[in-house]
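Below, in structure tokens: the form predicted on its own, a single chain.
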Amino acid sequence: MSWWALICAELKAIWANKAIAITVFGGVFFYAILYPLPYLNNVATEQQIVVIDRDNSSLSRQVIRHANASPQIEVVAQLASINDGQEYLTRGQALGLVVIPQGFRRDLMLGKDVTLATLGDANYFLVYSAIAQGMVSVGLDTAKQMQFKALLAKGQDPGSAELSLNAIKLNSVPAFNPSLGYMSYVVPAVLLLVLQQTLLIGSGILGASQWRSSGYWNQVSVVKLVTARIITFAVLYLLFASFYFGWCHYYYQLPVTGELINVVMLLVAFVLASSAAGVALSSCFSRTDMPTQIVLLISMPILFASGLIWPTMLIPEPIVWLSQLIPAIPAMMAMAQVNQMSADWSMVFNLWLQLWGLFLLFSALAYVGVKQRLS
């Protein structure tokens, strides 16, 4: 059987198996739409709150206007009692509640401390954080305005009063992830993980479905079969990777700061290493349902072990070392540095070499495993 005929047979076997076709073709396109969908807005804004204004003064009304003008908060109702506010929260008509105490303006004018009570569901930590951050900003602005008026009352000129209240102006500019959103932060890495996981499942099912029967895979040498299978999956997933790092990055406006040649070099090494790992892993399965269960089970631990969403210093060191054998780990770290942080190639060169080392390691394991299965 020629190389071309063998690769065509591999493609036909992938397409003819419904479980593989759904996982490989359907899974890649399904995750491209489903996973980024909840994070399209990037950050939580305009979270709906209700206000119980027990002071009903000019200053309390000013606080409500400032809260409504805050990007994080939207005041949907002013209510008479906390019980009414809790009913709003229970019915899902609001996500937070703010209580302005009686004597709010009087106590501030007398220089006493006052408390703006804020209530929210901390189970939705991003929503709660947005409400708390918004009310903290409103409280600080109100306090500054009161101090400004007090300084004017003491005879200080407006310019000096303004300078004394804002002696240091903070100009916060994020070095990376300028939108401060979850989408641009972690979705590119998750797309790489999706590529690896669907590839491992597809190759695992393909191998598990063939080891106990006869077919073209028994008519060629082990080296030829392993090489053709790695090439077949690599070609398919380079096309999928082009879709993810081309159309998906453009459509979802994900950061693309790396040079094209560097991105391509990383993707080629990653896809080849993952393909070799998939063929090697397939020799461990004799049931077609096992690859899906095992690969899905380890997906989240791989994401955490990558260090992108959880510090690796808080993960047991043996797990961190063991995770370096997974091609997605060095690929995610290298791609984040190149494509999101504009790192030089020299900074990811070792990770690139690690991917090629994994390719050689898993190719050898694939040869041994497939030979054992076909003997």
Partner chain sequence: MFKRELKALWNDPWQLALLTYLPIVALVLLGWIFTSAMPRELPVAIVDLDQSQLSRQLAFELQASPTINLQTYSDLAAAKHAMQQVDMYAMVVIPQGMRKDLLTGHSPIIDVRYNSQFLLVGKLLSSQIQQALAAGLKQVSLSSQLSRGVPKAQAEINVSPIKQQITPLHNFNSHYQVFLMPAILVALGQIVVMLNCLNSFARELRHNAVSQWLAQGAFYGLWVKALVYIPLSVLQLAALNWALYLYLGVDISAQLPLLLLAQLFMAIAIWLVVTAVFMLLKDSARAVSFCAAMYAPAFPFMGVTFPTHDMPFVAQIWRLVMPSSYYIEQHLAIVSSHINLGQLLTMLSGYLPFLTLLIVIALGVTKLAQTNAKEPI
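Residue numbers count along the first chain shown, from 1. This is a predicted model, so every value here is computed, not measured. So that the term is clear: the rigid core is the largest set of C-alpha atoms that superpose within 1.5 Å between two forms.
The form predicted together with the partner chain exists for this protein as well; it is not shown, and the discussion that follows is about that form.
Taking Leu152, Ala175, Leu239, Ile261 one by one, only a single residue has any non-hydrogen atom within 4.5 Å of the partner chain in the model of the complex, and it is Ala175.
Within this chain, Gly111 lines the site of the partner chain in the model of the complex, having a heavy atom no more than 4.5 Å away. Using a 4.5 angstroms threshold between heavy atoms, Tyr124 counts as touching the partner chain in the model of the complex.
The closest non-hydrogen atom of Gln47 lies within 4.5 Å of the partner chain in the model of the complex. Though the partner is left out of this view, Gly103 does not reach within 4.5 Å of the partner chain in the model of the complex, counting heavy atoms only.
In summary, the region of this chain contacting the partner chain in the model of the complex, judged by heavy atoms within 4.5 Å and restricted to 214 to 222, 274 to 282, 113 to 121, 230 to 238, corresponds to 113 to 121. Although the partner chain is not shown here, in the model of the complex the stretch 267 to 294 places heavy atoms of Arg287, Thr288, Asp289, Met290, Thr292, Gln293, Ile294 within 4.5 Å of it, in sequence order.
After superposing the rigid core, the Cα of Gln253 is displaced by less than 2 Å between this form and the one not shown. In this overlay on the rigid core, Gly278 has a C-alpha that sits less than 2 Å away from its partner position between this form and the one not shown. Core-superposed comparison between this form and the one not shown: the Cα of Gly207 travels less than 2 Å.
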